[in-house]
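Look below for two forms of one protein chain, each set out as structure tokens: first structure 1, then structure 2.
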Structure 1
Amino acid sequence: MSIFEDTLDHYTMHNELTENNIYSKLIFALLAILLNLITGSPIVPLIIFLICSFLILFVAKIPLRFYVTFMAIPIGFAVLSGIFLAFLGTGEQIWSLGFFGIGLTKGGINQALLVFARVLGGVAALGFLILTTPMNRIFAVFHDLHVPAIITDLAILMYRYIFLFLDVTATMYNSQRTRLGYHNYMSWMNCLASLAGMVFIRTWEQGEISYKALASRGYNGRLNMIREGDSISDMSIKDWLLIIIFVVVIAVAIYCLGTANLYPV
């Protein structure tokens, strides 16, 4: 938890791609996610994952340890989903659990591999945008795209208080641990319930305090923020060429690989 509290914003503002045009990174990420979703072969998402990971680690120079931590949770969910898909898929069964006809099938394994690869590629593409771009510049894009102001303001407040309440939760959790909490199952359940209740109360109280603070500063329903001057017209020819090359390479891979599977059917 602390790694996200202490370093996520730091790395978005201190990497080699921070000052690059936000629209070049946004267009690249959106195209990567789109291509990642339309492919029928798990090989293409893996290629997208490798390209995005290379850009994050060696171009933006985000530390490997932090990147692995960033990817750990979505990969964990992908592994669990893949296990269920492998056992619930259709096709020739290659191994059976011995009851209810449940077992591993070739179709299930290929479907699990495809979903897992798409998660890797999609999260890496989204991570490229998130890890290399400060959130205030992303919110500025919302304004340029004429997203309703209420949605942008809610996103700003949510992003701000996510880290605040993670810090509150971590502090309360450590306090419970120092008082011998979580030492057995019943203690774990009681401490978790108490923690959830207190975080809810603190959230409610902080909402009231924040509104009063905003009202005292002339809040009129809009959050004003400094916006960067990036625009699509400011994108360099180099950025356009790199994006076009990426799209062509992935499109050719999609065409050539088709629905090729990692596990032979």
Structure 2
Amino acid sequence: MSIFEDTLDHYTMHNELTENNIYSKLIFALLAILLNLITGSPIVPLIIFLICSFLILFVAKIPLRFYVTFMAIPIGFAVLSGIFLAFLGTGEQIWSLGFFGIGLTKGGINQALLVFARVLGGVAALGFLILTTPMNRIFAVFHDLHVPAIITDLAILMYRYIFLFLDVTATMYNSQRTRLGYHNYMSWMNCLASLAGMVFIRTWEQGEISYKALASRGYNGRLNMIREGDSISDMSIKDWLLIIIFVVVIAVAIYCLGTANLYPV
């Protein structure tokens, strides 16, 4: 259960870009994700992937080891589904599987490469945002964007409770393990069910207690907090320039490469 010990939260709080203006990071990441999506050629997402990985590893100084484990799961899924998509293409088959008329086609291979590259680029751009930005600053952005207060409040409370209950869950899980839980299928199901049931009851009791705690501090259905955070006008000219250069470079790349394929048709 690696997520209990090794959450992203530690790294979002301790990297070289934590203190940077949230809007610089947010605008860059969202533009990268959008540009990544509108490309027709697998080369552009790969460029985005390289730029974002460079920023994550050498500017934000996230350890390589952590970045590799972070990327491993999405890439694993991307490879699997890429192989699968390669068999779905239309046109002349270059290698046939021998049943149901399924086979590799050039169109299929190119589509698989494009999707694989897009997933790489997209996850790296998303990774840049989530590895460098603490959650509380994202909530400040929610507020600036006039997301309904009820969603923001719900998200803030949920974020707090998730970490409370991850601790509780990890403790219970470890104590079940030390008492020989999870040793076969049936015991796994039983342990998991009692764990989940107990966590639900705990969350419920905690909810009653925390409502009383909030109410005793004047809670009336709204969380009123002092919001402090960066504003979009605080972004430095350097950040704007870097973002504009990035967009221009990618836009030129999209324009020049068109739908160029890695695998010749």
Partner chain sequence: MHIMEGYLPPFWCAVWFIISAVVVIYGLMQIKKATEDNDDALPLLALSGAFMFILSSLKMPSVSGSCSHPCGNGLGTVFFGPAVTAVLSVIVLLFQAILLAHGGLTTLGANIFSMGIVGPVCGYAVWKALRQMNISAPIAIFFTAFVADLLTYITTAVELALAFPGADMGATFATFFGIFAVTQIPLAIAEGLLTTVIYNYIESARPDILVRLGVISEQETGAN
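Basically, rigid core = biggest C-alpha set you can superpose within 1.5 Å across the two forms. Quantities reported herein were computed from a predicted structural model and do not represent experimental measurements. Structure 1 provides the reference sequence; residues are numbered from 1 along it.
Form assignment for the chain places structure 1 as the one matching the criterion, namely the form predicted alone. Put the two forms on the same core and the Cα of L30 is off by less than 2 Å between structures 1 and 2. Once both forms are overlaid on the rigid core, the distance between the two CA positions of G197 between structures 1 and 2 is 2 angstroms or more. For Y173, a C-alpha deviation of 2 angstroms or more is recorded between structures 1 and 2 after rigid-core alignment.
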